[in-house]
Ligand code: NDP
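Shown below, as C-alpha cells, is a lone chain in the form predicted on its own; questions about how it binds or moves come after it.
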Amino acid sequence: MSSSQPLYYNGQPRNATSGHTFDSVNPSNGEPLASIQAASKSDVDAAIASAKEAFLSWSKAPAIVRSRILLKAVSILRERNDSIAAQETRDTGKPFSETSTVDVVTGADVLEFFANHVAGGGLNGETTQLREDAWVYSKKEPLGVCAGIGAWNYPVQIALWKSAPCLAAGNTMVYKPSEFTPLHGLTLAEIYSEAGVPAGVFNVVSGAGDVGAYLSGHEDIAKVSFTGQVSTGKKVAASAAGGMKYTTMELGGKSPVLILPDADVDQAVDGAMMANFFSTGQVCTNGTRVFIPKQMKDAFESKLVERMGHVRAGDLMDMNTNFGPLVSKVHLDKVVAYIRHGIDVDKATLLYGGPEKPPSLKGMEHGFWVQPTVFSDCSDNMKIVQEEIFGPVLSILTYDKIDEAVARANATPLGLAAGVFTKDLNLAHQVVARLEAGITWVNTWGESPAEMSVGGWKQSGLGVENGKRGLEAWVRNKSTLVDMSGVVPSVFSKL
C-alpha cells in the first residue's frame, strides 16, 4: 500500500490536520490500495479560503483565456488516458475495457465541450430594444466558490462533469470525492495545475459524509453540485436551501425499459443487458425494470439466458473482461440482500445468477463479486422492482397493452431515465413523450454525450448537467435597463 494521500488546495498537496486516515480498497480482491488523509473542518475552511481568493482573478479572466487553459487539461487527460483508467479500475473495480474507453474519455469530452462553449460566446447575455431610447441587456456572471460532491461509480468522469462547467464559467471549486473511490481527486487536481489552472481554482478535500456536510453547508459556498443516492441528496439539498445556495442534484432512479411488440428481439435483449450489467449495474440510469409484451416473454427470456454467457468476470486488466465486482463490502451485502429477498420473499423466478460469487475467480476470492442476476415473473409491488438496488439485477415484467406499460413505468417516485425499443419511430416518439423521466433513449441505452443535457425528474434530481443548458447551472443572471431619454418617469412628476 502506498503512503497516505494528502488533500490538495491553493495549488499544492497539503497534509490534513485531522490526524485521521481511511483506506481505499481494491474491490476485486479486498486489499487496501492507499491510505487517504481525511480533512478536518479547518482544512475545509482553508480550501474554501483559497478558492475564495482565487475567484477574484479567475472570474475576471476572459473566457478565451480560461478556455485555453482547460483545453490544455483536456490534452493531458487524453495523453494519460490509460494510466488514469488503470487507477480507476483499481479503485472502482470496473474493468479496464470500460474505464479506458469510457470514463476518462467522456470526462475529457465534457471539459472540451465547455471550454469551447464559453470561448464561442456561451456566456453571452441578451439585448432587447424596448423603445427608441431604452433597452435591456443581461449578463451571465459566475456564482463564486462552488462545492462538488462526487459519487463512487464514475469518479473521474463525475469530477469532470462538475468541474468543467464550473471552472469554464469562472467559478472556483472545492471538490470532495467519495470516500469509497477517492484516488482520482489528487490526480485531477495535479493535471489542472499542470495545465495552468491558477492555485485555488480547483481544490480537493477527502473524507466521509461529515466532510461533505460541512462543505455543502459552509457560508462561503455559493452552489452545491451533488451526485449520489436520493436519501443523501435530500439532506444535501435541504442544507443548501437553508443558505439559499444554488444546487444541482443528480440522484438515483428505477428506470423502465419498454420493449414494444414490434421490437427486434435480439436488439431488445442487447439493450436490456446494456441497461443492467454495464459497470456491474452500478449506474444511476440503469434500466432495471424491463417491460416486455406477454407474447414475447418466452423468446426474450430464451435469448437473454443464451446471451448471459457473454458477461465475463475475471482479471480486470484483461480487455476481454466486461464485468467487475461491486465497489465495497457494504454495497455487496446490500445487493446480495436484495437478491435473497427477490428469491425468498418476493418469490420472483430466478432465471439466471443468484447471490453467490461467480465461479473461477482465482486470486480474487476475497473481492466483492456477485453474479449478474435476472428475475422473471415479477410484479410491480415486489421490493426488487420498487427500490433502487444499484447492482446487476434485472427484473422482467410483462404487459398486455402499451398504455398499461407506460402507466406502470411511470408509477414510481423516481424519474431519471427511460427507454423504448421498437421498429416504429413514430410510435417511439409518442411513447417517449409520455414517459416521466428526464433522460430518454430510443433503440439504445446509456450514452450521455457532452452535448446532451441530462437530469432527473421527480425525486431523481434538480437541474441538468452537460449540454448548453448545463452551463446555466453555474451562472447567475443580471439584467440592466438603460434609459437614454434623460427623463425619469415618476408618479411624483409635476402635473
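One-based numbering along the sequence shown. Quick caveat: nothing in here was measured; it's all calculated off a predicted structure.
Below, we turn to the form predicted together with the ligand, even though it does not appear here.
J.: So which of Val406, Ile149, Ala85, Ile259 gets a non-hydrogen atom within 4.5 Å of the ligand in the predicted bound form?
T.: If I apply the 4.5 Å criterion carefully, the residue I get is Ile149.
J.: Could you tell me which one of Ile76, Ile343, Ala213, Met382 places a heavy atom within 4.5 Å of the ligand in the predicted bound form?
T.: Answer to the contact question: Ala213.
J.: With the partner absent here, would Asn276, Glu365 and Pro392 each sit within 4.5 Å of the ligand in the predicted bound form, counting heavy atoms only?
T.: No, the whole trio is out of contact, none within 4.5 Å by any heavy atom.
J.: Hey, in the predicted bound form, is Glu250 touching the ligand, heavy atoms inside 4.5 Å?
T.: Within the cut-off, so yes.
J.: Should Phe180 be classed as touching the ligand in the predicted bound form when contacts are defined as heavy atoms within 4.5 Å?
T.: Yes, Phe180 is a contact residue.
J.: How about Thr288: is it within 4.5 Å of the ligand in the predicted bound form, going by heavy atoms?
T.: Outside the cut-off, so no.
J.: Evaluate Gly209 for contact with the ligand in the predicted bound form, applying a 4.5 angstroms cut-off between non-hydrogen atoms, and reply yes or no.
T.: Yes, Gly209 sits close enough to the ligand in the predicted bound form that at least one of its heavy atoms falls within 4.5 Å.
J.: Spot the stretch among 136-144, 114-122, 153-161, 192-200 with residues whose non-hydrogen atoms come within 4.5 Å of the ligand in the predicted bound form.
T.: Looking at the other structure, the answer is 153-161.
J.: Residue by residue through 409-425, which ones have a non-hydrogen atom no more than 4.5 angstroms from the ligand in the predicted bound form?
T.: Counting only heavy atoms within 4.5 Å of the ligand in the predicted bound form, the single contacting residue of 409-425 is Leu416.
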